[in-house]
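Just one chain follows, in the form predicted alone, and it is written as structure tokens.
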């Protein structure tokens, strides 16, 4: 089997999550990914997982590892004279150049599309920022918490109406954006090969956030109004809601079309077939208008049996449901394991389990190709391949350009 991106060289000038996650997937697809880090290394290497609530003390960061498998690392200080020139030398001999600097910093270092296309007329240049390279906020920094989660409008739609909007978990927007960035780069490669010309693709965390709620966004644009937050106690309708079972586990029901079959079937499973008849919730209009009383009736019944018992009956009656799984339950779900979304590999700190790419390419060689590199692990090898002699490398190192 061949790797889809075998022979493709990627230069990554990026840190944290979204862009490195995209280039990790390129490495899984067979690309030679060279990660350009500052002398202190990618900031994600030093991110304190305790800030996310973990008690475990890590020698190396699993959060960094998962986004950087299979890459080579070189350290270059872009602020030092000669640093940007080294990156340009790397860019002259690559297929894909990925960076997540703001437009102002790109211009400051001379790493814009026009500059790199002039020295590499077949480069696919992929830029990722929080808000984009045009408009009033082109130079505003931002993580996925801010640009993807809050400013895109997602955060305002979630949680109970009377409660503060909920936060997200780190990396949700970054990893969604990484998949979009991968797709854009592959489109750029296809276009480059068709035209023979350099290509520029661009994404932002904010734009991906809007795309992720396209149904709400398109409706809000036409209606000219914000969708309201929906309470768990008075949902849009009761078969699109969460319920607590007798073993204190939560079950999610997702049945957007409850009539004519699923609501009567659900009522029968609960032992109350009359709820689907006259005088109760026998139409979609009644269902939506009086959802709070329906939930109030359902809650005590759901509390009489375990999640597993309810789930078995729901399956037999065609009710769409899912357990609200803990993360470790999800990672050890037999379906997840059978599909291979979790895999064993050699990490930078020994054998580990980690996440595979979230897609399969049947008949192709796709997979993790090695641990994440140490900072600057491949600096001298990569630069020597450019034809830079040992004396020059030693001088660059002593000048601090190489960290």
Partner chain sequence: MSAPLDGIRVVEVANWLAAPAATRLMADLGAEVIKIEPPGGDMFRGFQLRSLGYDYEFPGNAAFELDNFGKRSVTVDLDKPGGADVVKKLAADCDVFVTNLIPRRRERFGLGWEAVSAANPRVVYCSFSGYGTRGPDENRAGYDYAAYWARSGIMSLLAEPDAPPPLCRGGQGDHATALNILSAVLAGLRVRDRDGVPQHVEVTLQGTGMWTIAGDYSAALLSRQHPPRISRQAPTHPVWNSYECADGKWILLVNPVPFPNAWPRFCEILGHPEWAQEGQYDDMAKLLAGSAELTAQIDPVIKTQNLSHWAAELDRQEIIWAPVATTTDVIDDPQVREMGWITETDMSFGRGETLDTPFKVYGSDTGVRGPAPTPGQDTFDVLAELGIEGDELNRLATDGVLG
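Note that the structure is a prediction, hence the values are computed from the model and not measured. Residue numbers count along the first chain shown, from 1.
This next part talks about the form predicted together with its partner chain, which is not shown.
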item: Which of 270-278, 295-303, 76-84, 156-164 sits within 4.5 Å of its partner chain in the model of the complex, heavy atom basis; value: 156-164
item: Selected contact from 105, 88, 229, 72, since only one has a non-hydrogen atom within 4.5 angstroms of its partner chain in the model of the complex; value: 229
item: The unique member of 115, 282, 290, 202 whose heavy atoms fall within 4.5 Å of its partner chain in the model of the complex; value: 202
item: In the model of the complex, residue 367 touching its partner chain (heavy atom, 4.5 Å); value: no
item: Contact test in the model of the complex: residue 317 vs its partner chain, heavy atoms, 4.5 Å; value: no
item: Contact flag, residue 97 vs its partner chain in the model of the complex, heavy atom cut 4.5 Å; value: no
item: Proximity of residue 43 to its partner chain in the model of the complex, heavy atoms at 4.5 Å; value: yes
item: Residues of 326-356 having any heavy atom within 4.5 Å of its partner chain in the model of the complex, listed in sequence order; value: 326, 327, 328, 330, 331, 332, 333, 334, 335, 336, 337, 338, 339, 341, 342, 349, 352, 353, 354, 355, 356
